[in-house]
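Structure 1 and structure 2 below are the same protein chain in two forms, each given by itself as structure tokens.
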Structure 1
Amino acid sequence: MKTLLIGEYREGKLLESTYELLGFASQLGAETAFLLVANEFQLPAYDGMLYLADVDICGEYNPDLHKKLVLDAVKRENPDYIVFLHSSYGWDLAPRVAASLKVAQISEIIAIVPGGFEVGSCNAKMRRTVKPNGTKAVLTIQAGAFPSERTGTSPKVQKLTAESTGALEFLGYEAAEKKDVDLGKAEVIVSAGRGIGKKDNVPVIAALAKALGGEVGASRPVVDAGWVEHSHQVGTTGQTVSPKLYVACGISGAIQHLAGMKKSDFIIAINKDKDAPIGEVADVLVVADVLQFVPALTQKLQNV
């Protein structure tokens, strides 16, 4: 089995998430080849075949031109799977490639399971296993679902070129709206999940965050319910964080949330359900009622 991995390069830098493609391929047990539109001085830590297109010529994103580059690499490698990150780049380019090759696309893969690939459904409340009928498919993988891997330092580089007169032109990046809190810089985050019960209980979580000298985070259900502002949301549709300490209060651990915080140095999860998925990534799982345990812990910290 062979995979063609499509790396990402943005604003002059190779994205760290590119290495998650190698983690996916490793779990799949597949041979790999890479395609990257980048600067030749910003190559990935990889020891296989790397098809490299000059970013100064091809641009950081040009859908028609980049599609041609992918199709060229596919013709040379004949991979079983063409794998993108589930990002704005992957969202736009993957279906173009799938349509050109007339093959299936499976989006937002969160795990490799017997019989196929696991993806979320029903707003991530359920999971299902899917498998392409054909021998070739285009895949996108959920950010944070697979570990980052490096396989070397010196890829075998083969340069690619392509020409395009497409109707779309990449103009640049627009800065996101400024948030009232930057969780990406916080060393301690205490996050509220649906398990806290109601909006009136958010101050209980905020008190613990204050006692620890940290910031308040939240899962998507809490934000969707209007209990906490979106700027505090952790996950793939919120902020990706890596604090020294992450305390998850009443959060079950949907893959979208885990992807946003699993790189934290130390994770404490407080949940009544000992089998909650977040326990798989937590360093410490406290099986307790959040509304009983958190106030007691806060009081203890305040008295230290």
Structure 2
Amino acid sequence: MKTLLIGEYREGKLLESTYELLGFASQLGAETAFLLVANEFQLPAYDGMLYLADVDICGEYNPDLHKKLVLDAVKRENPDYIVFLHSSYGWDLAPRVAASLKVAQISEIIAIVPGGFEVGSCNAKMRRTVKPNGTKAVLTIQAGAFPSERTGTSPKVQKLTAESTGALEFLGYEAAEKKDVDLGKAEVIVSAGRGIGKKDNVPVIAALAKALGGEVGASRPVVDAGWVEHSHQVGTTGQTVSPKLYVACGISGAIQHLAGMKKSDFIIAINKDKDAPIGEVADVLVVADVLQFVPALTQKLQNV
């Protein structure tokens, strides 16, 4: 079995997550070849065949052109699986490749299981095993689901080029918003999720954070709704934190949130849904209404 792995490069750097593709291929027991649109002075720690396209010519984000490069490498290698990370780069490019090849795409794989690939379903509350009907497929793997692996130091480089079709013009990057709090330094973080119901309830969460001597964090919908500033957001598009204590209030536990907080030393989740996926990482899941439990806890803490 053979895999073609599509690495990632952004703002002039090879992304570390690229090595998770090798971890996936090795769990699959598959041969590998790599495709990377990068810079020849920054090659991955890999000793197989590397198809390299020059990022100065092909751009970091140019899906039409990158699709052509992938299809070219597919022709040369004839892989069974073309594997991307389920990232902003991968989920954008993978369906284009799958549609061109008219092969199945299986998205956001979290494990290799008998008969197929395991993926999340229903906001990560459930699982599905999916299998491609044909022999070839495009796969995207969930960030962090497979271990990073390095296989050597010097890949065999084969250069690829493609003509630009220019349907999309990349205008540049916009930096992330400035942080006014550094959650990375906080020992205690009490985070508000959509389960707090409305903006007026943010002070309830802030009061618990204060009683515990910590900072307020938030899930993304709470930030998007303008209840809490973006600098407090925890997760893949916010901050990654690992405090001594993380209290998740009314947060379901989507993968993008977990990615930002699962390394916390101790996690307490308060959720009215006993099956909420946050339960998978929580040391303690308190099944309760946040608006009843949190004020009661705060009050008791103020008296200890």
Partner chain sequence: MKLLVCIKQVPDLESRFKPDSEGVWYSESDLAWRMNEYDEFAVEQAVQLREKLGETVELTVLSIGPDRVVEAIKKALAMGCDNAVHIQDPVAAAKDPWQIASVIAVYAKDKGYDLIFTGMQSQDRGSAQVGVMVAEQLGYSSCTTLVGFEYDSGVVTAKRELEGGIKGVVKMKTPALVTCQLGLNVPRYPTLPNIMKSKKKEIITLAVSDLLTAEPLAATISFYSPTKKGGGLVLEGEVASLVDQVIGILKEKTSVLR
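Just so we're on the same page, residue numbers count up from 1 along structure 1's sequence. Only the largest set of C-alpha atoms that superpose within 1.5 Å between the two forms is called the rigid core. Bear in mind the structure is a predicted one, so any value in this text is a computation, not a measurement.
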query	finding
Number assigned to the form predicted together with its partner chain in this pair	2
V234 C-alpha moves between the two structures by 2 Å or more, core aligned	yes
Core-aligned C-alpha movement of P44 between the two structures reaching 2 Å	no
L245: Cα shift of 2 Å or greater between the two structures (core-aligned)	yes
Rigid-core-fitted C-alpha displacement of V290 between the two structures (angstrom)	14.5
